[in-house]
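Only one chain is given next, in structure tokens, and it is the form predicted on its own.
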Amino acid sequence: MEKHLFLGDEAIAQAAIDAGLSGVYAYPGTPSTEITEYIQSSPIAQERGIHSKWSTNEKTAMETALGMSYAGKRTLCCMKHVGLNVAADCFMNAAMSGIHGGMIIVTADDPSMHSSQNEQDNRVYGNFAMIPMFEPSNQQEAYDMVYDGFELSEKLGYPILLRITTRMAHSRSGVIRRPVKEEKAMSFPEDGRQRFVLLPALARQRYKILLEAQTIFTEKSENSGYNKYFDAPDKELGIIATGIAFNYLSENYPEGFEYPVLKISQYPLPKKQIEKLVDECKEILVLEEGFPIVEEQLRGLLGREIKVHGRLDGTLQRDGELTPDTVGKALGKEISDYYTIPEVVEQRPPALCNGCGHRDVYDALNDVLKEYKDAKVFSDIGCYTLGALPPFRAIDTCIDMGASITMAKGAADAGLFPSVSVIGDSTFTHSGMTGLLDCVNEETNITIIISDNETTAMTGGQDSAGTGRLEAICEGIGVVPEHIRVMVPLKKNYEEMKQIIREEIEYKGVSVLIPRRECIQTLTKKKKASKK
């Protein structure tokens, strides 16, 4: 087969297509977005009619993917690391029910928080759910893990969690493709009602089965080609390197390893290989991207004391990404700083685009709120989060998707006035609608601004689930129609916008303001496309 230069995300997407994929379900989130986008643009996927529409959020994505698996088809569910928090209910219970058609769940973790609000390592979730996990060390492994993973998922009867990180997702390497498989025919599990109806009596049985399956999962890891032992003469130190950390280790040893190395890319942990390494070596160094998960498990796994180095003892930094240099320093190597940042270079924080409608919203809102002593603005995740930075400094909180409405409600319940929420159109349909329902049910004195740029702009301009429907959604939830007010955020409408904001703040109830203007980036793309 031909060799292709793929991003890690693209390798995963192509492998899924080649393995007979029938559907991908996802909500856009960096660094996972390109997986679904690649499938959306794939000629094979279009010819086969592979499902690739964006889901409203990660929970709906996970549940829909499980439904396709129930019908016997192979399905891929993708999200960034914090998205698994949203999908966790279905994720944990899918480990109890198991699957029918092969199901791979991709979590794209973001150590160093390049575009995220935390560094969580979703191997914790994999251990929590007690399902098999893959963690590729390069793009070829990512491809092979997905290509073969569907069959393994079906053989075991459980979903598989594929954990990648930002560097894996967004770096390129040569990948050799394998033959394209046909899609699976639709079929249903013979024991479906015993597995997929998690009433307590049945769930207790499923839990025992899941516990019994751990032995099989561990055997698969111990016999996996992705977990490999590299012997070396110096037994003073043994090294465990997981996922992409193995790449960083290899860069420090272009001529071959100095110490014995155990590469781990499939979980549960391969106990026999770990015992071999520990028996042969005096001390252990653990290299893993993210949390010290393997490092913490070692002592409990082995049942005896051994000196272990890694993130917990300060050999490696506790936060942020690993690099070949940080790994080299942990090995005691002299690392030269070839490049330094000149003092004249200043950090350049991100900013809202020139011409962005959010700018006019924040300018008008700031002007109005000067009239109130204790006004607070609650926001969340999207381009509009940049309103926290100069020159606007317009928002006071940003915690998670949808928290703008619910935090504003809580503050209003505490007596805050005015309590203002700013949320984007895509985030509103992702996880803001239920918060609005709480506000309506309790007649909360709150002003909610759904800043509508008619796209999911922060992740590249994907379709927004609420486009053309926001007024109807809000009215259906129960907001009084007279207090659902649409504005066009332009300088010429500035005074009118301020007047509307002021009027709705003074209204003692739930107000929804919808400033609507298309994202300047998607508008520019459309204009360029029309000229071709």
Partner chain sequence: MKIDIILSGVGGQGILSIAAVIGEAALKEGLYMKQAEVHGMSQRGGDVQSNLRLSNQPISSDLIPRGQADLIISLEPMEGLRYLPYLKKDGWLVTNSQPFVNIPNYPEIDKINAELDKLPKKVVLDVEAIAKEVGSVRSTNIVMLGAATPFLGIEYSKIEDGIRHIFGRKGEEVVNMNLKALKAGFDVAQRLQ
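Remember, predicted model here, so these are calculated numbers, not experimental data. Positions refer to the first chain, counted from 1.
Omitted from view is the form predicted in complex with its partner chain, to which the following refers.
S.K.: Can you work out which of L386, L285, L365, A95 has a heavy atom no more than 4.5 Å from its partner chain in the predicted complex?
M.R.: Of the listed residues, the single hit is L386.
S.K.: Counting non-hydrogen atoms within 4.5 angstroms of its partner chain in the predicted complex, say which of G314, G174, G157, G320 makes the cut.
M.R.: Exactly one listed residue reaches within 4.5 Å, namely G174.
S.K.: Spell out, yes or no, whether the shortest heavy atom distance between A457 and its partner chain in the predicted complex is within 4.5 Å.
M.R.: Contact check for A457: yes, within 4.5 Å of its partner chain in the predicted complex.
S.K.: In the predicted complex, does R348 have a heavy atom within 4.5 Å of its partner chain?
M.R.: Output for R348 is yes: heavy atoms within 4.5 Å of its partner chain.
S.K.: Should H114 be counted as a contact of its partner chain in the predicted complex, where contact means heavy atoms within 4.5 Å?
M.R.: H114 belongs to the contact set for its partner chain.
S.K.: Taking its partner chain as it sits in the predicted complex, is K220 near enough to touch it, meaning that at least one heavy atom pair lies within 4.5 angstroms?
M.R.: No, K220 stays farther than 4.5 Å from its partner chain in the predicted complex.
S.K.: Since the chain is shown here on its own, which stretch among 321-329, 187-195, 443-451, 423-431 would lie within 4.5 Å of its partner chain in the predicted complex, judged by heavy atoms?
M.R.: Result of the contact check: 321-329.
S.K.: For the stretch 31-47, return the residues whose heavy atoms include at least one within 4.5 Å of its partner chain in the predicted complex, in the order they occur.
M.R.: Heavy-atom contacts within 4.5 Å come from E34 alone.
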